[in-house]
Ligand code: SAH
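Taking the form predicted alone, here's one chain by itself in structure tokens.
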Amino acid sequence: MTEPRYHLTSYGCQMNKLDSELVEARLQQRGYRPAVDEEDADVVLINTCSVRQHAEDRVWSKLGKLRVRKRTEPSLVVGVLGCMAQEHKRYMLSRMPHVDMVVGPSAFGDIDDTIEEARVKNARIAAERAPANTRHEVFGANMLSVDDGVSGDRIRRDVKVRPVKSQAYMSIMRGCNMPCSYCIVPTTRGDEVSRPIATLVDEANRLCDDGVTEITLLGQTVNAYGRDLKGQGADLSKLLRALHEIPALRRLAFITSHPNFLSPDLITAMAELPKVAKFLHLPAQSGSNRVLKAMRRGYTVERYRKRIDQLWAQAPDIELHSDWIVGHPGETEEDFEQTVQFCKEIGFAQSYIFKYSPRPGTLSSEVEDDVPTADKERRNQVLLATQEELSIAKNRALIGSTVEVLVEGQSKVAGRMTGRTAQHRLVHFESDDAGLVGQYVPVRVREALSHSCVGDLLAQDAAEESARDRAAAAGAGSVA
């Protein structure tokens, strides 16, 4: 009997990418195999995002195409997973008969059973050419990959199922308790639920035993980790210190953080632990205190700046990444100009910039979306240009230096490989050696682009000589 084939498309954040990996692991354990493309799949799954309207629009478009395909292939199983499934479940179940499964983001625990039931049902329908009469709505507490006591359905992660051998995401918590006015995440993903440190150390050890050397810890508000683990003394700084002890682990990053939880203990851990990546994703969202208050972010520009000063006092080599929303209801030109100036003042290495779009069910959606679309677009372009100037200046400062790059794969340019530094800087270099993927290699930077650098791969002995020269120069400078 032919093995059933699935195709999974994932939209949105890194948490969704990890969820998709875990769903794939569950299916492969059940005997399913990934299809070469969507047209060859018996099961088509879409893991969705509700944070931005654009992401939702892409899903609605894909579902429209699948509706047409389902007319001639009634045995096809179509499943919608994740945040849109949570937010729009009633509409999908009542108005989209070609969708067989609507599965919320915390209910993937028995998804292989749900898919198998739908596949058997649709095969019977295809044989009988009868209309479908059963669909699955799954919104339980069966959280996937939670060998941690968080839910009653404990599933140990299959660490072997992941797209990159040397790198892995690891979810340390789910949900969010923050009241940001524009965000749908607390509605779709629920309250914060943290996984115990011992469970996370076990999973990280198993990942490293399977070849992982870089782990990125995920959470909607990742540095709020541990607040719900009463009496366990768990927080992100303690987790970083525990994971840092794993010998095979070389890099350790975490995203996304909230300024309110950049604690002194976390700052000290970031400064003291050499394996912790030298970048921090700390969304500012706006440079206007008036807008930050409307967003219910819980801090001011001055408080954000104070936290950064405390960080740089101990760890001056850490670079900052930010998210920004332009055109939030009530944002004036003066507010926006304050954002531009704040972005320049801090000197962010990278930014993700979004035009505000109202999300049903959020507090911001209850007030008038009063910033014209043209103004949102213009502000978006201005802030993008501002960040591009900052990014290319930081890249130019690297010209002539040697950086350590974790090779991720082939570049889009033929004959080049690509990877990232400990600062999350994208670096390309001339090579077609696929055997370098997963290796840490020295690259001397010779060219700066807007979003990346280009360099030359060095032999190991040349890299060591360069490091000695830098150390000698630093010593001479201190004597002088």
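Residue indices: 1-based, along the sequence shown. Model, not experiment: these values are computed from the prediction.
Note that the form predicted in complex with this ligand isn't included here; everything after this is about it.
- The chain is drawn here without this ligand; in the predicted complex, the stretch among 243 to 251, 89 to 97, 320 to 328, 374 to 382 whose residues come within 4.5 Å of it by any heavy atom is 320 to 328.
- Looking at R52, you'd find a heavy atom of it within 4.5 angstroms of this ligand in the predicted complex.
- T256 belongs to the set of residues with a heavy atom inside 4.5 Å of this ligand in the predicted complex.
- Using a 4.5 angstroms threshold between heavy atoms, Y182 counts as touching this ligand in the predicted complex.
- A residue is said to contact a partner when one of its heavy atoms sits within 4.5 Å of a partner heavy atom; S194 fails this definition for this ligand in the predicted complex, lying far away.
- Among R359, K278, K394, R305, the residue placing a heavy atom within 4.5 Å of this ligand in the predicted complex is R359.
- Comment: this ligand is not present in this chain, but in the predicted complex one of S288, Q285, Q387, N122 has a heavy atom within 4.5 Å of it, namely Q285.
- Contact annotation for 162 to 177: no residue has a non-hydrogen atom within 4.5 angstroms of this ligand in the predicted complex.
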